[in-house]
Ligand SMILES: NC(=O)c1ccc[n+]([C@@H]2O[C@H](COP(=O)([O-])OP(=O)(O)OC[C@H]3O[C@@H](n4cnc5c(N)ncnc54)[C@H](O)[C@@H]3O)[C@@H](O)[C@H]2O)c1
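Quick heads-up: it's one chain on its own, the form predicted on its own, in structure tokens.
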């Protein structure tokens, strides 16, 4: 592989712009081509990133000579088609979540990836986090269980508004039941962590609350899952009185202590009888995790082992999420 790895970006909304910013400082990954369905959005990106070139169509971008990878940051509807086109062109694919709205197409693509040994991953940012590493050490396969037997897991999410203010430019789909909602966008990250550490979760009960218009995404969700004998309690809601823009906590309670993920990347630990101690502040661990994610991306492009979630793992996460969005 050459020193520079050229990346095409499809979709220049919030996530596309964030990735462009992150790639600017990487020594090897280079965002060289971009496309968005909105020409004005594309023009703004080119103005901010003069080295970037635009393509006449998404098909033309994928066929550009010299590309090594494709980052897909569109709404979920076209994910399967775009991924398949990129695989046809021999590219490595990093796709945003939620993975799909077409589960049959996703299953076919997962089989193709396995059969043809294709290079594909989905952007669950906690895959490269210190918090996940701590949880795997304490509770994952092969762990000696230094905190003892896991008793339960609790996930608590709250949002002052949905979509969040910084997402407003991403499009109406985020606020609609068909593709959007906080469960697919945010809760999915924590379900990924849960299933990466413990394995597949079964939905025992679920109570989503939807607005009466039949269009809007969920406004609240309470659910109980089981992973083997471990109960998982979930409470998530939109709360206009929330003092902060959002809150997220994932609490793992074990025989001899508690591990907590908070504010995305922050981690705290508490031994039984002791006080809670920080194992890393969110901002510091976020920067470290994001840097490692890019290195994992390089490894995937080069065909080496990596920790990024595959399409199969992302599909399993979404199946759990979709089950919760039904009344069980």
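Numbering follows the first chain given and starts at 1. Quick caveat, the model's predicted, so the values are computed rather than measured.
The same protein has a further form, the form predicted in complex with the ligand, not shown here; the description that follows concerns it.
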Heavy atom within 4.5 Å of the ligand in the model of the complex - residue from 170, 251, 132, 106: 170
Work out which of 15, 316, 308, 23 lies within 4.5 Å of the ligand in the model of the complex, going by heavy atoms. 15
Which of 190-198, 146-154, 232-240, 117-125 lies within 4.5 Å of the ligand in the model of the complex, heavy atoms considered? The stretch 117-125
Please determine whether residue 92 contacts the ligand in the model of the complex, using a 4.5 Å cut-off between heavy atoms. no
With the cut-off set at 4.5 Å between non-hydrogen atoms, does residue 35 touch the ligand in the model of the complex? yes
Close approach of residue 218 to the ligand in the model of the complex, 4.5 Å, heavy atom: no
Is residue 175 a contact residue for the ligand in the model of the complex, using a 4.5 Å heavy atom cut-off? no
Note that the ligand is not shown here; using its position in the model of the complex, name the residues of 44-76 with a heavy atom within 4.5 Å of it, in sequence order. 73, 74, 75, 76
